[in-house]
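So this first bit is one chain, no partners, the form predicted alone, shown in structure tokens.
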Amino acid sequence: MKAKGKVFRYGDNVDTDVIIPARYLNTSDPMELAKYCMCDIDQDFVKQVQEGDIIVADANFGCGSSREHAPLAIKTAGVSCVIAASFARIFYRNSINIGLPILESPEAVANIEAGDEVEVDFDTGAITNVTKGQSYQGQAFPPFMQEIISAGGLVPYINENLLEK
């Protein structure tokens, strides 16, 4: 699996209340959530994000509440991957559960800027900054996690692989 897109760049401690503010949690409709993704930190995000684009952030991305709405809003907005120096653990797990690929790579984060075009190979963890001609190494997903992400999340994975057998 690979992703390629333009980078939206954020700093440290981007919490789930910024990713999808609580005032928009009166729905669980992914398309409705996506309309407000990142609106409190980047009002132009939903107007500019294109299918396949990538979020790059510093440390502790996804901290705050454990709501699954945050990675769901990001994925439904069209983001193909989030790369960060580190993630809040519950956000990391929620992302895998809903099929949003995320990679930790402090080196990549230190060298990638907003607007750069980046390509990610999820099988190997390779991150290539196409704009700058630089490559970095992130942690590749174990095969079972790749299967969950490829299926679109944990529930579709279970439906495809366990319930049908």
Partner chain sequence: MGMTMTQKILAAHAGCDSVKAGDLIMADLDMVLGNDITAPVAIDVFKKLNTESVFDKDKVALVPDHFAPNKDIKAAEQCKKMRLFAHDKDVTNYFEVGEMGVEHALLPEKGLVVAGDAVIGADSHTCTYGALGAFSTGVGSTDMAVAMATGKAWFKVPSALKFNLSGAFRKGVSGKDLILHIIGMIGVDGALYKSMEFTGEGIANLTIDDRFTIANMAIEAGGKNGIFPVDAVTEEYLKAHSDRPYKVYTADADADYDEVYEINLADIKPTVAFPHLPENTKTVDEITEPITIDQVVIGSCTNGRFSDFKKAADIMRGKKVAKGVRVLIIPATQKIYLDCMEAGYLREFVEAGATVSAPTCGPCLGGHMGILAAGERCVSTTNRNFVGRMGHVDSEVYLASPEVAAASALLGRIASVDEL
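Positions refer to the first chain, counted from 1. In this text, the rigid core denotes the largest set of C-alpha atoms whose superposition between the two forms falls within 1.5 Å. What you are looking at is a predicted structure, and each value in this text was computed from that prediction instead of being measured.
Note that the form predicted in complex with its partner chain isn't included here; everything after this is about it.
The listed set Asn111, Ser65, Thr131, Gln137 contains one residue whose heavy atoms approach its partner chain in the predicted complex to within 4.5 Å, identified as Ser65. Put simply, Met1 is far from its partner chain in the predicted complex: not one heavy atom of it is within 4.5 Å.
Residue contact with its partner chain in the predicted complex: Thr124 places no heavy atom within 4.5 Å of it.
Its partner chain in the predicted complex is not approached by Leu103, whose heavy atoms all lie more than 4.5 angstroms from it. Proximity of Leu154 to its partner chain in the predicted complex: non-hydrogen atoms within 4.5 Å are present. Each of His69, Ser86 and Met145 comes within 4.5 Å of its partner chain in the predicted complex, counting any heavy atom.
Residues from 3-20 that approach its partner chain in the predicted complex with a non-hydrogen atom closer than or equal to 4.5 Å are Asn13, Asp15, Asp17, Val18, in the order they occur in the chain. When two forms of a protein are overlaid on their rigid core, residues whose CA moves 2 Å or more are considered shifted, and Pro21 is not one of them between this form and the one not shown. Comparing the forms between this form and the one not shown, the C-alpha position of Pro143 differs by 2 angstroms or more, with the core used for superposition. Taking the rigid core as fixed, one finds a CA shift for Tyr157 of 2 Å or more between this form and the one not shown.
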